[in-house]
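Here you get one chain, nothing else, as structure tokens; it is the form predicted alone.
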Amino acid sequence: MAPSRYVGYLAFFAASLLPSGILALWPVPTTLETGMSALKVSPSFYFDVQVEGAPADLYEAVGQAQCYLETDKLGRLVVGRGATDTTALASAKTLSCLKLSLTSGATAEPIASEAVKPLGTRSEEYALTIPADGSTATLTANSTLGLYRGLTTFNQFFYYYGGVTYTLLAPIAITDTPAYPYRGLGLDTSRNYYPVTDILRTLDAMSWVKINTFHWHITDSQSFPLEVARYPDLAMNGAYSSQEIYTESDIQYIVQYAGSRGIDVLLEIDTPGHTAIIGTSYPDYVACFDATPTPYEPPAGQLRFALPEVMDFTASLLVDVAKTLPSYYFSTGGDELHTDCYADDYPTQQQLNSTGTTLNDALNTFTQTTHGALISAGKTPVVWEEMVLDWNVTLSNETIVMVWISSEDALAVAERGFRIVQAPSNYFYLDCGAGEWLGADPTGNSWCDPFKTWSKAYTFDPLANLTEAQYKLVLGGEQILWSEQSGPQNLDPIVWPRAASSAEIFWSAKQPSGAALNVTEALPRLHDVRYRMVQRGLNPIPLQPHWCALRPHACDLYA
């Protein structure tokens, strides 16, 4: 058989795994039944909230859903953008209402409260039915968070043409639940600052594809834009300007905004590396501060973590921030700690020699001090993989480990029994492939070349190389944008729609038929996600020429 025919046959088979015309849903639900009937949305359509004691943020969510239903006005991604649907619509029934309710015995808590419960205890499942005869559609869940997830699915079904909002797939029946409890997006706001409005817009987009964790890498060596009441000098001296600071009220507003969209905020203050900027306020606490030349990312400088006063300062700083946040989780980082920084650092060597301890011993004490303080404050520490794989430090069994250097490292972390968030740079780093950002290096490339396409990310297997007994350790995963070459000007196109890839991996894990996820089937649906994002005011990058988007699979290799 000729290779082109063989690949073409596979493409056709893959495209057939979901019901014909299901090009809108992302992430795909656990179970899905659809029909072939047109169904119009009534101009007087309304959401009927049959939830006793419904919280304010549920009504806000319904208001969002109503707005999207009225204003998305997305034409179907076919030639003519829906012009051929008018015949079916002429005799279509009209949908007037979606009724929302909780299952018997369920308590109506705010979505924001449900969103920050411990991983594994959040109830995000829902059931959605849309009859073909125009009778009331129903959305039921065990929590308001589940209702919110169902509303995002409901909105994805509808297109617009000639003044009519409609679907061609009635009747519809869905039951849906996430495969993994952690589905994140990481954003670095230290190397370049992002205004609050950009973060809020990103949270909106995350909610549309059921991402439930905003991993906020808020500080680094370049800037400290976080206002901390006990340590005001950190932001005063460490932010790029007084206008580029996240105030305490900014943080609280962002956290509440995220929570009402079903998103937990995991804040990270990376320590003891990536902390040079602290030296602008506390020069005695930072080793090799602003040293040149530096063999690693400038500016140079790391906390003198062996010093008792630095341990106490760091523990106090972390707890002061963490206690203002509702999340059960707080990241202390722990990556890329350069030991050569301490080899000739007099205060560090004096402390080690006077106590007869090694650098590793000191790091262990530092970790015990900072993590112990967080745990006492009710927080679960999150760390980067080096804290497990490169250092001999004692971590709580509850510690969550982010795997980033390579997808191959997950096994080594799992063998030590720690829970894992998959964030491998070889699949999930959104900044890769932009070339070298350091000056005076015209032939340099980014360290994690090449560019990680959505389809590359989509092929990631969260359970690869793990034993079945270790599967339960994988909490989920996230894509991350490090901001050496990104800012508010390119935030949307560099993140979206690529970040939707991991959203589906960790919500769906497989297609409703049980078949594996595959890029051929997924591409038309991701086009749909991208075009709907545009309708909602986002600026996501095109995946292909518009011609291809209107002709599913016509631009597949060997099509």
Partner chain sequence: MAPSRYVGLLAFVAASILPSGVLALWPIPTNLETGTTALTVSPSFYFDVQVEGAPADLYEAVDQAQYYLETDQLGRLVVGRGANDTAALASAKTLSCLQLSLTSSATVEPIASEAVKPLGTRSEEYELTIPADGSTATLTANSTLGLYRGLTTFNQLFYYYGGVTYTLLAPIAITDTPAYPFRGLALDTSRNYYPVTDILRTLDAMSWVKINTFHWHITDSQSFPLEVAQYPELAMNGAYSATEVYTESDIQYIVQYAGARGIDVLMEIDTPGHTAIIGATYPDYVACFDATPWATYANEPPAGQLRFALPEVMNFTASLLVDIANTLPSCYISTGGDELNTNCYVNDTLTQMQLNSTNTTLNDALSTFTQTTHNALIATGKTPVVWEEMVLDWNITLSNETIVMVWISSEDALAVVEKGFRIVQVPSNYFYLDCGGGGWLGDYPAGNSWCDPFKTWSEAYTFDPLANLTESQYSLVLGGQQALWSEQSGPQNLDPIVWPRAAASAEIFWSAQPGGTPLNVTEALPRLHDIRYRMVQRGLNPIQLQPQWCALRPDACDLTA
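Residue numbers count along the first chain shown, from 1. As the structure is a computational prediction, the values presented were derived from the model and not from experiment.
The same protein has a further form, the form predicted together with its partner chain, not shown here; the description that follows concerns it.
No member of the trio S44, F47 and A83 reaches its partner chain in the predicted bound form with any non-hydrogen atom inside 4.5 Å. Partner proximity in the predicted bound form, defined as non-hydrogen atoms within 4.5 angstroms of its partner chain, places exactly one of 440 to 448, 123 to 131, 361 to 369, 332 to 340 at the interface: 440 to 448. Checking D233, D344, D290, E398 for any heavy atom within 4.5 Å of its partner chain in the predicted bound form turns up a single hit: D290. Just one of S37, Q66, T520, Q511 comes within 4.5 Å of its partner chain in the predicted bound form, counting any heavy atom, and that one is T520. Residue contact with its partner chain in the predicted bound form: S407 places no heavy atom within 4.5 Å of it. The closest heavy atom approach of T30 to its partner chain in the predicted bound form falls outside 4.5 Å.
Of the heavy atoms in D284, none are within 4.5 Å of its partner chain in the predicted bound form.
With a 4.5 Å cutoff on heavy atoms, K99 does not count as touching its partner chain in the predicted bound form; it lies far away.
Along 484 to 514, these residues reach a heavy atom to within 4.5 Å of its partner chain in the predicted bound form: E484, Q485, S486, G487, Q489, N490, P493.
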